[in-house]
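Single chain ahead, written as structure tokens, the form predicted on its own.
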């Protein structure tokens, strides 16, 4: 496997040391009184008037030791992904406000999100589905209604977008009820995970901390997100942004280990962005986003924690900009070793999702994973005996050796054009975007697969109905 080194070990130590100083000397604003008290009881220094907690380095290191070095993410088909330092990378979708088709965009409705989930369910290299905003659903119910939509339309790992602490608790109730139907529980079968983002710089809101509190106690993986914007909410230098982001993520890990010792935590500096100084807009498709994500993965390895990142494009439609930005940023994050990479199907600085983009991203992921695999050199792959046998005969295509090895050695694509012009024209002269749209239509025309978990889903719907009734009173 190829691993890209973004920052050498000596400089990583300098950045981490600076992060410890930020935590101990500058501190973090904590808006949650109960968690503020718990942190003080654990050994932090607190300033109640300023709502500020100062984390001693010894406490941070003590709580880091409680974190498991891996986190498990289950799907609903019996699969389990293990995220761990040096382990494989998997790709998930991302949350958004709008749904884009071609150059047109509109608010995401329940129907459109269900369609998106169905498409992603058919794409083998996208392993998780992230919840998103549902336009017609009240804010207090968006997260758990979205979770039900995901449950009904995909069997992949689910990462709902959390809008309220109560919504997070309802999702846990839904997941537990669904799993109980099969005699399982969330701790042993984590089909859903959660997380929240600190407000940069250095401010944990009551809502974010309450989400962690309401989902503690189930062994449920928690993603700790720093989402700095270099030049706006963090220093414009990438090294300075990493100092701040490291401090933010470490503070979240300490809080989660106080709430639930041993809870799996995903160390995530890969949601950080940079500011475009010409437009005063944060970007997701800039190369620096790849560098920050890959650097975050390196810090996570140093700390023996799983990591995450986010790859996206600033393009407002499905086009070549979307493809090249995602390919560059995603490849850097992948080679850097990020375990979970969000953003498949995302466009427009994560404001939109697109089924066509998800289909294209599935192809990009296929190619990028092949690059990370590298070149295997062994007695078998050197093929010396075959070369000697063939001499000057160009007939390798017919050899048993080729049949044995080509699937592993050569990446395959069913979407991109691999035909000469005449054959391409006979096939309709389709661009990549047109081919992606055609594949989306084929997926959506298929009859839904008959599900075997209807009783569990009925429990999920009953819980949704109960809480919607209370909210809409």
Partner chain sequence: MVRGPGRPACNHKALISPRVGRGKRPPPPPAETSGFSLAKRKPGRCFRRVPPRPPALNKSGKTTFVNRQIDTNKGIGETPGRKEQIMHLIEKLKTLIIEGNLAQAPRATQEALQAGVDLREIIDQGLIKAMEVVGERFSSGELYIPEMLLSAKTMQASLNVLRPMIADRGIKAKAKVVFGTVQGDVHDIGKNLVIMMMQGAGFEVYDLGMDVPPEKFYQAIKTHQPDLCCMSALLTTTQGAMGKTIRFLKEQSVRQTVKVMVGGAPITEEFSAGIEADGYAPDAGSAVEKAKELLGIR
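Positions refer to the first chain, counted from 1. Keep in mind that this is a model prediction, so the values were computed, not measured.
Absent from the display: the form predicted in complex with its partner chain. The rest refers to it.
_Looking at 72, 214, 76, 351 here, can you tell me which has any non-hydrogen atom within 4.5 angstroms of its partner chain in the predicted bound form?_
Exactly one residue meets the criterion: 351.
*Name the single residue among 302, 376, 281, 389 that comes within 4.5 Å of its partner chain in the predicted bound form, judging by heavy atoms.*
Only one option qualifies, and that one is 281.
*Indicate whether its partner chain has at least one heavy atom within 4.5 Å of a heavy atom of residue 101 in the predicted bound form.*
Taking the distances in the predicted bound form, the answer for residue 101 is no, it never comes within 4.5 Å of its partner chain.
_Distance check, residue 86 to its partner chain in the predicted bound form, heavy atom within 4.5 Å_ = Heavy-atom contact with its partner chain at 4.5 Å: absent for residue 86.
*Hey, in the predicted bound form, does residue 142 get a heavy atom within 4.5 angstroms of its partner chain?*
Output for residue 142 is yes: heavy atoms within 4.5 Å of its partner chain.
*Consider residue 402 of the chain shown here, and say whether it contacts its partner chain in the predicted bound form, taking contact as heavy atoms within 4.5 Å.*
No.
*Mind telling me which stretch in 290 to 298, 145 to 153, 253 to 261, 268 to 276 gets its heavy atoms within 4.5 Å of its partner chain in the predicted bound form?*
That would be 268 to 276.
*Residue by residue through 84 to 102, tell me which have a non-hydrogen atom within 4.5 angstroms of its partner chain in the predicted bound form.*
Only 97 sits within 4.5 Å of the partner.
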